[in-house]
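Single chain ahead, written as structure tokens, the form predicted alone.
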Amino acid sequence: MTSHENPGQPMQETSSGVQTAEANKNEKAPQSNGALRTLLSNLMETPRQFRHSMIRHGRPTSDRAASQAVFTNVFLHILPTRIHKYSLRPSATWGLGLISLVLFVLLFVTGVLLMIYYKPSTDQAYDSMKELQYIVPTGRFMRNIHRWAAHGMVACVILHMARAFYTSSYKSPRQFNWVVGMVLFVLTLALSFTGYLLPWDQLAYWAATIGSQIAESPRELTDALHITEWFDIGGFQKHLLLGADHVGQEALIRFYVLHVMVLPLLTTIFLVVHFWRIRKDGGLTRPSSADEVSEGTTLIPSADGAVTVQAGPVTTTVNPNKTYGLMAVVRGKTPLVDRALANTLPTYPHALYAIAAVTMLTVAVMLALGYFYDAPLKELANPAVPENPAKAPWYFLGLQELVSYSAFMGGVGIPAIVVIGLMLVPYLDREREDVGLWFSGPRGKRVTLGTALFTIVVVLSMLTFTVKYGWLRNWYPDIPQIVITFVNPGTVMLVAYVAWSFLITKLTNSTRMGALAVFTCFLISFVILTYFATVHRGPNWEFYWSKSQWPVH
């Protein structure tokens, strides 16, 4: 009876449950249709949402938004949120570092495309180049771009190094970054040289042969000292480079691995360090005059530490107690310390537009060169038919000229002294001076010009003398090799440059002037020796005024 006291109640509950289920069903139908419409709408909005999720702050509608766009972007974070107006001037850097980076990226992209068809085998490498040249669509174009970008990167890195040196950009706190830059210079040369062998034509084969002879050149010294039997460092270096006693399959594989894997990885690592140190060391160097307050502007400090900026009828007071977000941190108590913020602009968009312009111009030049000028490809490599003259790549021709006098000093000794010496310059020249100023002012310009004239006279005199009269071996055929190794035109010029640098340091009482002198000596010598070996050296490395005078075979 208890269970039937309210016999209608279960029916009510059941009816209620049925009514609820019906209501839910009726409610779900429109929701399902709405969800489908929402899904389609979201699909249409996906491109815009993806763009907003990638660039969260949108267009730079304010300085704060522009700073956030740089600060929160992994690709842009290597740049500061604000950049000095002086750094945007073309004459400040000429964009040489950026151009070098763009060329490296271009080399990476075109190199990957070439790898698809290239076969690192002495039996197939040359045929691969022929296929790229005549069969593969745009293969010739890609190879041309790769070749000219490689030459362009070497030239731009050298010019960038010169620009950094002449504007004192190695000074504290940038000493270590100068060393990193020198490492990148060596890696750039190594990258270009290892790629030189890969076409496996006559030009590549005999250039690599010259390189292997330079690697073996320490044997010249060990032979003279009669210690080669116990200490053959030259033979070890050659075998390490070639994997054998001659340029063959083992050498091609080693050059290929170095060119496509080891050296690009090392270069990328050092590039990241280089650009990050530029950021952490205060950005691009600039003279102190770049931070001067514009004409008509007056700074009026008050007793409480506030600074009043009066520019014509406009007066602004800056409170030193005001705090700033991380994106506006500067040294000192006010944002006017070093007058930094007063002469800066948001990196986004000002610097990014400049970077984009330089990038597009660099790529356009490479595309034009690749379209109008073909990369050379000579006959298939033939060890039995040597090239005469067998010349190294243009950036090693100056060394090849020195090697013709002494293999060890010209190929190993002098280059090592130059590279190590330039790495030490920031630690030997520690004078506190205005950085970012070309040649450190008028005195430096006079020293540089005088040094350039001195170097021209020394190099041309030495070349003229050796072409006309020869050197010690021509006069004394039995002279010991150890004498030739250390007393040759290359070492004589090196001693003259060091002596000149010491003289300039003493006369000017300035280590900076001495550094300018020695760097200019090396730079001018490189240019003259490269030109001389390119234009005036012919068969058997004899002197000719022009190629038209070469003997006809």
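As the structure is a computational prediction, the values presented were derived from the model and not from experiment. Numbers for residues come from their place in the sequence shown, where the first is 1.
Missing here is the form predicted together with a small molecule; even so, the following discussion is about that form.
Enquirer: I'd like to know whether V157 contacts the small molecule in the predicted bound form, with contact meaning heavy atoms within 4.5 angstroms.
Expert: Contact with the small molecule, yes.
Enquirer: Report whether the minimum heavy atom distance between G410 and the small molecule in the predicted bound form is within 4.5 Å.
Expert: Output for G410 is no: heavy atoms all beyond 4.5 Å of the small molecule.
Enquirer: When the contact criterion is heavy atoms within 4.5 Å, does W178 count as touching the small molecule in the predicted bound form?
Expert: Yes - in the predicted bound form, heavy atoms of W178 and the small molecule come within 4.5 Å of each other.
Enquirer: Please check if G283 has a heavy atom lying within 4.5 Å of any heavy atom of the small molecule in the predicted bound form.
Expert: So G283 counts as contacting the small molecule.
Enquirer: If you check in the predicted bound form, do A150, Y256 and L266 all have a non-hydrogen atom within 4.5 Å of the small molecule?
Expert: No: none of A150, Y256 and L266 comes within 4.5 Å of the small molecule in the predicted bound form.
Enquirer: Among 161 to 169, 473 to 481, 448 to 456, 246 to 254, mark the stretch whose residues have heavy atoms within 4.5 Å of the small molecule in the predicted bound form.
Expert: Checking each option against the 4.5 Å cut-off leaves 161 to 169.
Enquirer: Pick from S217, S100, Q202, T81: which has a non-hydrogen atom within 4.5 Å of the small molecule in the predicted bound form?
Expert: Contact with the small molecule in the predicted bound form is made by S100 alone.
Enquirer: Check each of R140, K238, H146, R174 and return the one that places a heavy atom within 4.5 angstroms of the small molecule in the predicted bound form.
Expert: The option sitting close enough to the partner is R174.
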